[in-house]
Structure formats: structure tokens, C-alpha cells
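As C-alpha cells, one chain now follows by itself in the form predicted alone.
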Amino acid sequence: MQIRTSEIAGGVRCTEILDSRFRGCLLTLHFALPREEKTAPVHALLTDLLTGSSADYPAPGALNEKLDSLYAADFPGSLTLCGDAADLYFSASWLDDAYALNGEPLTDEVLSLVTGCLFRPHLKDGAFDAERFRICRQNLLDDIDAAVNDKRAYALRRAAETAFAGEPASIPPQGTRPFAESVTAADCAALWQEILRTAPVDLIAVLPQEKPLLMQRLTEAFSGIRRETRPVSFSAPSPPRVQTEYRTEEMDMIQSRIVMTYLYDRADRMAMTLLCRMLSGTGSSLLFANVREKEGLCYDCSASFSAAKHALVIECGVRPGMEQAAEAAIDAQIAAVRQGAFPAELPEECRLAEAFSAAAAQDSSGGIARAAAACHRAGLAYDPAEWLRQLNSVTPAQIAEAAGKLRLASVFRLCGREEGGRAD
């Protein structure tokens, strides 16, 4: 694997990762954006508006037909939330030219489609196509209305609103209905032009071999824009809390959901990674082995952490009426790790599991691109060997130290009304 990084325009970084194992090409284009209530729905809409048509392919379905003709090339958009910022990104994948049956210039064709969609979108009088916009906005409104149906996702969203109240991280992923209803096709077009001018851009290409045409096309595309980059930081630690905040909601459902958010000041990133894995990453993890299996207090229990917000989140599903017992048991596991009271072999098991997951990600171009993008959002260079070295250097004492810095900031309970309802 070869990795080369260069800046092709102001605030536009391009990372080329060459790996001859692959037979396809992948290009991801990441735009770093601050999260705001009024722009959150627009960011969600742009993932569809910019990938369904272009000035070259304005007719409905024409762009998809062209992609299908290129050996089923693909060009979706997506949105990743990272603390107080968002990563709006587009991903183009296609078969390497060397494997085209009739010598078709696939890279040339796909790059023309990508730059056409992003730099020459289908606009009329400074706005996206009215019918296309109407459909996309209605889909967004339907998704916002249906969010409550996924109880786990709903609990996590409400927990974020509780833990990060007053911070951009509390904004729902797709924004709120009032702001989504007020957005216009012209608003989306104007914001996209602003994004092209001001957003820090991270381009990641995973290729089987060098493709000078790719750099040439991307450089040309950005050269036509007067860039005025506005810095966006993916690191925005949440301020410490004086006391734990509790919030409870009730719904007619069989299972309750609990989300506990712990905040920390400073902790080693790799130590926190292993701490999460020790809590809920293997069959012998502490929350699974003790809270679920031994004490029988929950149906499921998992942990994750946000380095951007300096937060560790534990969520679980429990029987109504067992919420407080599960919370106490979970907190007891954190306390045990603080004291170093965990199986001696567990850190090594988790280290191997984490290394295996990282190695598995290297088996696909998508996994490599996602790992590289995550490193870049964290302000780190993409270097799998260095990542593994740091992982292997973490000691049990450092894991205990990381656990010692956790402070319970909030608890959100989504309680079922059946079987006795919630505990007082």
C-alpha cells in the first residue's frame, strides 16, 4: 500500500491510497460543516439532490441509467455526524479501466459524472429542480416523522439532546420538522455554493494503480471556485457537569431503553478505545458477562465513545421497572475498571479483537476510505502500522486511568408502560 497526500486547492486535501489487490476504484469527497439547526435539513437534502441529477443529466433516472451502463458504477451521498460538526460526503465507485470488456474509459466517464453533479448541478433560476426538491423534502419530512418508530435511535437522539443541551451536538441528524418545512430549493442551492467556496474538503481515493487523470480533473474542478476556507473543527469537548441530569419519557412498548452518557476531560484515545471494547466488544466483555448474563438486568448493552465530544455512551434495553437496577449495575462495572478489578486476560482479548476489526477494514476499499476519513477528522494521519503500535502500547493501568476520568453527565430513560411501568 502506498499513500500520497497533496493539496490541490486552498483547503482541499487529496489523499491517494494505491493498493494493487483491488479491481475497482473508489473516490470519496468529504466536506466539513458546522452543525446548525437551520442548515441540518439542508445537509440531509443535499445527499439526495446532488446525486440524482446534474446539468448534463437533468431528466429523472437519466443519471442512474448512465451509472448502470458503466458496469454498475455508483455515486451515493451520505452524512456523518462528529460532535459539533458534520461530514457531508459523496462516494464514487467504479470498475478499473483495465477490466472494461471493450476498453471503455470508465475513470474518465465517472469523473465527468461526479464533477458534473457537484460542480454543475441541475439548477433553474438559482434553485434545484422544483419537482425533484419536492420529492426529496417530502422523503425527509417522512423520515423525521418516522424517527420515533426506531426506539433505539430515538433514545440515542433524545439522550444526545439531554447530554449536549445548548451545543450543536444536540441537533437531530436530519434537523427538526419546522426547519425542514421552511427550506426552499433556492436555499439548498445557495448553501451548496457556499459549501463549495468555504468548506474544508478532504478527498480520498483508493485505487489499484496511479490515475493522473483523477488529480487533473479534481484540480480543474476546484480551480473554477474562489475558495475562502472557513476552519471547521471536529473536536469540541463538552464542558464538565456539576451534577448528573436525568430525563424520562414513557411510551407504550414492551422494552425500556436507557442511555447513560459519561464525560471525561482528557484521556488517551487508544486507552478509551480498549475500555469501550472491554465494556461491550466481546463475548467476555464486562457489560455482557455481568450485567446481562450474570445479573440478567438487560436484553442488550453496548458502549461507544466520541473522541470529538470526550463522551462515552452506554445504552441498553431492559424490562420496564428494571431501569435503575441496570443503571446501578452498569455504573458498578465502570467503578470496577477504575479500580483495576477486571480479568487479567481481558485487555489482551480486546486488543486482539480491535486489531482484527482494523485488519478486516483493510480488506475493502470502502473500509480503507472510512478508516482514513475517521483519522483525518481526528486530525491524524492515516497510518495503520502506527495505529497498531499505539494500540499495543496501552497498559491495563492506562485503561483503569481512563475509566477513572469518566463522570456520569446524563441518563435518558425511554420507559415502557407494560409490566409495571418504570421505576420511581
Partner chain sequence: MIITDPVTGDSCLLVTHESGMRICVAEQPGFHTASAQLGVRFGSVHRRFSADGQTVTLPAGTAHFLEHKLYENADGDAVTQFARLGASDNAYTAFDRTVYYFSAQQHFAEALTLLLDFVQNPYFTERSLEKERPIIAQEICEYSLDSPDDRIFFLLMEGLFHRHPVRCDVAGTLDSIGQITPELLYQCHRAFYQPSDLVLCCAGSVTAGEVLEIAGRAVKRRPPVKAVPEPIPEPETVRVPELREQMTVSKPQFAAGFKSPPVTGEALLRQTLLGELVLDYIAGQSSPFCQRLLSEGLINDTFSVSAFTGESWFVLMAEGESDTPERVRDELLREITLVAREGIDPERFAALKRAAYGDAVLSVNSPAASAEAMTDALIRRLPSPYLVTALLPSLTVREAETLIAERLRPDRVCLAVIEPG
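None of these values were measured; they are calculated from a predicted model. We call the rigid core the largest set of C-alpha positions that still match within 1.5 Å between the two forms. Numbering follows the first chain given and starts at 1.
FYI, the form predicted in complex with the partner chain isn't displayed, but the following is about it.
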Listed residue (Ala153, Met253, Ala328, Ala165) with a non-hydrogen atom within 4.5 angstroms of the partner chain in the predicted complex: Met253
Run the contact test on Gly61, Asp68 and Asp145 with a 4.5 Å heavy atom cut-off to the partner chain in the predicted complex and return yes or no. yes
So which of 119-127, 217-225, 133-141, 194-202 is the stretch with heavy atoms within 4.5 Å of the partner chain in the predicted complex? 133-141
In the predicted complex, Leu111 touching the partner chain (heavy atom, 4.5 Å): no
Even though the partner isn't displayed, in the predicted complex is Val242 close enough to the partner chain, meaning a heavy atom within 4.5 Å? no
Verify the contact flag for Gln324: yes if a non-hydrogen atom of it lies within 4.5 Å of a non-hydrogen atom of the partner chain in the predicted complex, no if not. no
Is Gln362 close enough to the partner chain in the predicted complex to count, meaning some heavy atom within 4.5 Å? yes
Where, within 316-331, is there a heavy atom within 4.5 Å of the partner chain in the predicted complex? Residue list please. Gly317, Val318, Arg319
Indicate whether Ala98 shows a C-alpha shift of 2 Å or more between the shown form and the other one, with the rigid core used for the fit. yes
